[in-house]
Structures are given as structure tokens and as C-alpha cells.
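One chain comes next, on its own, written as C-alpha cells: the form predicted on its own.
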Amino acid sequence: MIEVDNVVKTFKGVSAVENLTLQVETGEIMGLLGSNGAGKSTTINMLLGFIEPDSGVVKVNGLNAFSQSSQTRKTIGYIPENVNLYPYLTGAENLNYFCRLAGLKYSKDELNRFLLMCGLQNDVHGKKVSNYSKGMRQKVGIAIAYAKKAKVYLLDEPASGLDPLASNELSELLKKLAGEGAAILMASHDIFRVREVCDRIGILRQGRLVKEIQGKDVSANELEKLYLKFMNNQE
């Protein structure tokens, strides 16, 4: 479970996150919408244990995300906007390498299955990542997180560089992970994708959670209008 309780974080006197409170339960997907600088990435970095909050509590599976980060990271699958892979290794070799770093050992068939499930076609598994598009690299990053069989998934603009088909495959994978009991927090600019996949949606503005709604209660068009209203300081 993900827990952020009354958290404040400032950088050189500028507030990045201000009195932020949110929870993501087991089996739930929550999306965070907000402009650049709204606090989305800062929130995810605090959950990853890279940044210590000035005040408040950030927990992952009941453990302090900063002081117990070595334990919490073992249960987290993280998918960033730009996945860093080794260009001279193939997609399958990258997946195998990062799995072994996490103490996981899979057969070649299992590695290929993970890549296929994350939308990377079989004919490119053995090609060097230097020949991959950004979207293809993103799929390898998603497979790395998925192979970890994490309890918590943190995603920062995960659909960046993905075509519509791959984005839909990502949505279906996230729903599958939630169905298997994972708690998922996704930061994104993609209003349609957030509406499509998330159980709950939070709108961040200047580090504050200004609105929280159920995904089923709004259409994509309604969500866009609501988002723009808050971004234009009309609420």
C-alpha cells in the first residue's frame, strides 16, 4: 500500500509538495494529473526513497520510504519516462541483467514471455537496444518492472513514446497487475489514459491535491474540462 500523509517538501524555499495526503490501496490504480512542477515527480521520488520529506509521512507497505528505502525498494516496480538501458545489449539481455541485479533468475523462455506481455514483439528480443525506438525501450522498462513481481508500482509518464496500441497494452497490463493485488500510482499528462485505467484520479496544482475524483464518475472530456479549470485557477 502507498501512504502519503500531510507531506511537505521544499527546494531552496520553493514549495514542491504542500500538505499532500493520498493513499493507494491494494488492487487500486491512482492517477496524478498536473502540469510540470506540480509535484508529481517529487512525490514519486519520495516514495522511492530518493528524497526525504521536510515533514509528514511517506510509507510503502507500512515502511518508511526514506529511512527504510533498502527494504521498500525491493517491493517497488518503477517505470520512468525515459528508461535507461545498455545499448550494446539486446532487449532480452537487458531484462535478464536487471532481473539478476534484483536477485531474480528466469529462463530464456520466461524472459521472452515477459517482453511479449509488455508489447515487445518476438522478432526484436534478440536485437541490440541501440536499434530500438523510444517506445520499444519503454516496453523493456515495463517488462523489467513487471518481472520483479512487485507489490507497488510507481509510474512517471509511462506512456511517453508509446503508440496508441502500445499505450492500450500498457493500460491492460496495469489493470492485470492491480487485479493481482498490486497498488499502482501513475503520474501522467495523458488525460485519456488516466481516465481509461485509473480507479481514482488526483489533480495536483503547485504541490497541492486540489481535486480527487473516481475515474468511473467522469468522461475523458469532463476530466479535461475539470483539469483545465483547476490549471486556470478557476477553483
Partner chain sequence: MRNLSTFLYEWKHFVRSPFKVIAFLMFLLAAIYGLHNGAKLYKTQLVEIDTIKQKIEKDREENIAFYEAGEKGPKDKLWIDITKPFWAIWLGKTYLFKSPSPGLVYSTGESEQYGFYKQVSIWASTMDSDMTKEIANPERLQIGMLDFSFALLYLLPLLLMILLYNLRSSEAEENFLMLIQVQAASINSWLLSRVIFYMLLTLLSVIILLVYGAMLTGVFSSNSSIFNNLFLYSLLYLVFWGGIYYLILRNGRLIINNTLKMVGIWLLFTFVIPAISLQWISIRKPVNYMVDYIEASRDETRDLYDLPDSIILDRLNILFSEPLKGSEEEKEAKIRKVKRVAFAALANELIKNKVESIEIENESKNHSVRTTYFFSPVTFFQNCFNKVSYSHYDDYRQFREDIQYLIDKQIKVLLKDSWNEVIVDKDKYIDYTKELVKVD
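Just so you know, these numbers come straight off a predicted model, no measurement behind them. Residue numbers count along the first chain shown, from 1.
The next section is about a form of this same protein that is not shown, the form predicted together with its partner chain.
- This chain lacks the partner; the member of L177, I191, L48, L209 within 4.5 angstroms of its partner chain in the model of the complex by a non-hydrogen atom is L48.
- Out of the listed residues L85, L162, L115, L155, L85 is the one that sits within 4.5 Å of its partner chain in the model of the complex by at least one heavy atom.
- Taking the partner from elsewhere, no residue among E110, K134 and Q138 has a non-hydrogen atom within 4.5 angstroms of its partner chain in the model of the complex.
- Although the partner is absent here, C99 sits close enough that one of its heavy atoms falls within 4.5 Å of its partner chain in the model of the complex.
- Contact annotation: K148 falls within 4.5 Å of its partner chain in the model of the complex, judged by heavy atom distances.
- Of the heavy atoms in R73, some are within 4.5 Å of its partner chain in the model of the complex.
- Shown alone here, L89 lies within 4.5 Å of its partner chain in the model of the complex, counting heavy atoms only.
- Across the options 48-56, 201-209, 183-191, 164-172, residues that bring heavy atoms within 4.5 Å of its partner chain in the model of the complex belong to 48-56.
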